[in-house]
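Next up: a single chain in C-alpha cells, the form predicted on its own.
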C-alpha cells in the first residue's frame, strides 16, 4: 500500500460510483475495479458493499477513509513544506548577536525578517563577539550581528552601521560637567573595559584611542558583558567607553559624554559563505535594507 492506492480508494469512497471514480483517476473502469479489489485483498478487509446498483462503505471502509484523508493531508503538507524549506520560506535560522546590538539594529532586523518570512523560526542567541566568531566557523550559528574584526573570506558580510563610542561616568564625577572629553583628560582615570579575548574589536578601538595620544589606559576591571561594565561604573569603580546605543536607559546616577575624535566600530551582519541554509539569503538582504551611516 502506498499513497497511490490510497488515492484510488478515496476516489471511490468519495464518489461511491466506479465510473466517476475511475474518471477522476484518469483510467477506464475495469483496471480501476481491479485496483480496488487488490487493495481489499492486500488489507484482508472488505471496504465496500456493492451490487449492480449501489456502492456503500463498510464500517471498516468508513474508518479507513478518515485515516486515508489524514495521511494524504499530512503527505501533501510534507511535500509543500519541503519545497518551502528548500526555497527559504520555511524552516529555522539560528541568529546570534552581541548584547548591545539588541539596543540598536537587532529589533528592526528581527521584525522585518519575521514579517517577510513568518514560517521561518528564528532562534535567537545572545553572545559575546568572540563566541559569535567561533560559532559561525563551527556552523552552530547561521548568521550573526557582531563587530567587524577585519577581512574574513569565509564569511559574507553586510555593514549595518558605524557606531561611535561614548564615555560613561557617575553624575558626581569631576568630568561630568565637561561637554566634550579629550583623551588627555582620561590619563589618570580608572577604566573598565571588556577584555580583548571577549570583544577584540571593541578593546582594540579603546586601546587605539588612548595610544594615539601616547596614553596607556589604566584598566582596573575587565568584565565580559557591557551591562556589567555599566553597573560597575554606577558603583564609582571607574569610567568606561561603550557603544552609543547603550547610553540610553542606563539608569539614574549615570551620564554619558561625547569623546573628541570618538572611535567608531563597524557593526556587521555575517554568515558563512558555505551556508546550506536557504533561509539565510533573505536575512542578509534585509540586513542590506537597514544599513545606516552611523549610530
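What you see is a predicted model, and the numbers here were worked out from it, not measured in a lab. Numbering follows the first chain given and starts at 1.
Below, we turn to the form predicted in complex with the DNA, even though it does not appear here.
Annotation: in the predicted complex, residues 5, 31 and 35 each come within 4.5 Å of the DNA through at least one heavy atom. None of the heavy atoms of residue 45 is located within 4.5 Å of the DNA in the predicted complex. Interface residue remark: residue 255 is not counted as part of the site for the DNA in the predicted complex, having no heavy atom within 4.5 Å. For the chain shown alone, residue 24 is not a contact residue for the DNA in the predicted complex, no non-hydrogen atom being within 4.5 angstroms. Looking at residue 52, you'd find a heavy atom of it within 4.5 angstroms of the DNA in the predicted complex. Contact annotation: the DNA lies within 4.5 Å of heavy atoms from the stretch 53 to 61 in the predicted complex, the single such stretch among 66 to 74, 226 to 234, 266 to 274, 53 to 61.
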